[in-house]
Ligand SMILES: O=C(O)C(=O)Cc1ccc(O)cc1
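Have a look below at one chain only, the form predicted on its own, in structure tokens format.
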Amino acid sequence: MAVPLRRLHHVSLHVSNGQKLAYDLVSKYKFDLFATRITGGSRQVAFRKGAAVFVVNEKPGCGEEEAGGLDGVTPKHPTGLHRANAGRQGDSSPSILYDVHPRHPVDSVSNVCFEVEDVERSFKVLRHLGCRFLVPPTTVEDKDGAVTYSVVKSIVGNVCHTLIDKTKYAGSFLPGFNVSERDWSSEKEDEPCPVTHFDHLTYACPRKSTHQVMQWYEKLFGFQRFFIESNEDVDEGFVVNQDGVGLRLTAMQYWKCSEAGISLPFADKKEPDCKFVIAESLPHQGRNQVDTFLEHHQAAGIQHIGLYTKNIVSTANSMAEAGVQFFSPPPAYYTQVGKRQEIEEAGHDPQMLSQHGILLDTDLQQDPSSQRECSENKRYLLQVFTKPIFAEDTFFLELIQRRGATGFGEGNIRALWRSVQVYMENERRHSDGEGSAKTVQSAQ
């Protein structure tokens, strides 16, 4: 029997320069720094925007010893407690809490943390199903109560999942972190940049691995297939095979599957929790961005995360003014037959969307009668990708706004992924050009 997940708690990034990423998340992507854990052996900083929480873990310095080998923590007995006091140099807690040091060669987004009802029970169930645990059930406590967590290795590259039980904790984040005094439960919405939660995560995986990944998540956590397109092939998934882009995309979701039910990001809202998408390249179609990710990341992993926003135009404009760059589709996208009319009928200005490369897709699965109604009743979504946020061409973010549409914009997918493809090709040509120039200089 699969372990029921309650909600996505946070996503962890492991980077070599935490200070730079912290600056970018705050100044460019408009996240708020709200919790820190600084010890002699680790630096963990949490950033929040609505229910979307990133925890940035700075990699240990060269030669720094990591207790517990691969695990990155000293394992505790399931019934044992240890107390974490953030910021105390003599702290006896592990070098990193709620995660492991992945020892990955490049910056990476490598942990997706879920809340569960009972960590020890989940540990027993998953271990019986053959899961590999990097951290056994471990309890951390402070003045606000106790949290129990464990870390399980996923089937995808360096990705692992922290399972966490917060039912006995009254604090605003996690024990061991120093949290700012701001009351996040009543935080006012950021009007210029209204990001509310994680919409989806996308894995870049090797060819012919999709079914294995899906089976793993279905068996262990009860994920179910989510069809990107109503008539997509059950075995083949949603195939993008044109304009030099050969991709297979398959989606999963967990929020409907748990017997215990899923806590939504906001109790008074109707947005579902996060979906997972698996992307793999098609054979014999030439090199594309999934291949680039696998090469630069040196393993399968999380390629991008979709941030849900209530106003994508305002959010993109706010981020762009702060220095965020976005992938842009071909200019003809906004002038092609039918697309301009589709954008205008949805109540948007094509020229305004084109400023930041925002794409719009009307939900074709809606009732035919609703298509004759006014623009306010049309179901559609808007999307745009940022350029990579690390030095390597690996991880990036997506902004997505849904107006009733539940999919991923099947009409947009080709244009979105093609815009990434063009960027990757240009970067590769630029890199090859620099290499040639250096060769000529050295020969002279």
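Start at 1 and count along the sequence shown; that's the residue number. This structure is a prediction, so every number in the text was calculated from the model and none was measured.
Unshown form predicted in complex with the named molecule; subsequent notes refer to it.
*Asks:* Contact check in the model of the complex: H200, L249 and Q383 versus the named molecule, with a cutoff of 4.5 Å between any heavy atoms. Do all three pass?
*Replies:* The answer is yes: all three residues contact the partner (heavy atom, 4.5 Å cut-off).
*Asks:* Where does the named molecule sit in the model of the complex: which of 320-328, 144-152, 105-113, 200-208, heavy atoms within 4.5 Å?
*Replies:* Only one stretch qualifies here: 200-208.
*Asks:* S122: heavy atom within 4.5 Å of the named molecule in the model of the complex?
*Replies:* Judged by the heavy-atom cut-off of 4.5 Å, S122 is well away from the named molecule in the model of the complex.
*Asks:* Even though the partner isn't displayed, in the model of the complex is Q289 close enough to the named molecule, meaning a heavy atom within 4.5 Å?
*Replies:* So Q289 counts as contacting the named molecule.
*Asks:* Even though the named molecule is not shown here, does I164 get within 4.5 Å of it in the model of the complex, heavy atoms only?
*Replies:* I164: no, not in contact with the named molecule in the model of the complex.
*Asks:* Indicate whether I413 is a 4.5 Å heavy atom neighbour of the named molecule in the model of the complex.
*Replies:* Yes, contact at 4.5 Å.
*Asks:* Could you work out which of V140, V159, L134, A279 is the residue within 4.5 angstroms of the named molecule in the model of the complex, going by heavy atoms?
*Replies:* Of the listed residues, the single hit is A279.
*Asks:* Considering only 212-228, what residues come within 4.5 Å of the named molecule in the model of the complex, judged by heavy atoms?
*Replies:* If the 4.5 Å heavy-atom criterion is applied to the named molecule in the model of the complex, 212-228 yields nothing.
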